[in-house]
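Have a look below at one chain only, the form predicted on its own, in structure tokens format.
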């Protein structure tokens, strides 16, 4: 091929890619984003998508690169939907301001504390939930186990044991819907504002109690840190934890259970060696990243993935796409706990690596999954109702109807 022909072909590919990105609709992303991501990775890995009002970054290597350079790709996005919903949290800060708040919360979520203090409580909650439906022989594990399990565990870890788990789930979903409200739906904004006010009241009550009686919780750690956080800082960060800290383990539990029930060979491997439920957790996080996209903003003009980005460019860092990048993961659409590649980015990277990742691993990979498959004999998917998945900013199962031998 001549250079002229190469140039013409490249131009045609670029035009086609740009035209394609402009046609992407949020509803299509919500239904099944993976074919869209595959085409973007191949033809325009950093693409302006008008429907999302940002550039979507879809390749693994570009996601890793930007997380290593927070001075260029800032978490402090202007006019952030997350800031609108939650206030200014540590996730929307960089540098010393971010580090100060992260260090204040960190003691409650360290691996040793998770193992010694929180895991026994996680196990008790899992068994109590299963006790409530085991004799029935059928359940929707999304609404009857994964959601309540995540809510009850999170309430303990945060320092909100008096909050009704059902309220916590409602608040979490409202916050997540708000931070993903790129369609600017006023009903969604109203729900998220109502949830934010309710959380503030619950946090203020907890602060009053924990000032006098410290414990191992996140709120207590923030209050009694060497550089304590203010009530306003605690309120904002608790909204962040209630959002991501509930939907992540809930959706990972749902996706991992669904994956095993629909992949008998993978299930057999895990049941033969329960330690392998940890591998199930990691592969489920890669296969369907529960946080599918989060924002960043450029601080200067920079090239990324072959696209020249102006200063102030709004980015969507698409973990759901990076985790299925063909250049990193063999047969990326397959669920395979034996895969050698363990470089998924489901928990982000760099300074903003997910603070609750150890708690999620313990709650789902070491407690929820082994307990479900041990106690519910003959666990199988319902033969009358299909499992549904949805979302792209956040993605997971929407239901999980199952049966077993009571």
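Just so we're clear, the structure is a prediction, and the values are computed from it rather than from any experiment. Residue numbers count along the first chain shown, from 1.
Omitted here: the form predicted in complex with a small molecule. The next part is about that form.
Only one of 264-272, 225-233, 101-109, 136-144 lies within 4.5 Å of the small molecule in the predicted complex by heavy atoms, and it is 101-109. Only one of the listed residues (319, 199, 280, 85) places a non-hydrogen atom within 4.5 angstroms of the small molecule in the predicted complex, and that residue is 319.
This chain is displayed alone, yet in the predicted complex one of 353, 48, 34, 30 has a heavy atom within 4.5 Å of the small molecule; that residue is 353.
Heavy atoms of residue 241 reach within 4.5 Å of the small molecule in the predicted complex, making it an interface residue. With a 4.5 Å cutoff on heavy atoms, residue 290 counts as touching the small molecule in the predicted complex. Though the partner is left out of this view, residue 294 does reach within 4.5 Å of the small molecule in the predicted complex, counting heavy atoms only.
Remark: residue 245 counts among the residues lining the small molecule in the predicted complex, judged by a heavy atom distance of 4.5 Å or less. Each of 90, 154 and 347 places at least one heavy atom within 4.5 Å of the small molecule in the predicted complex.
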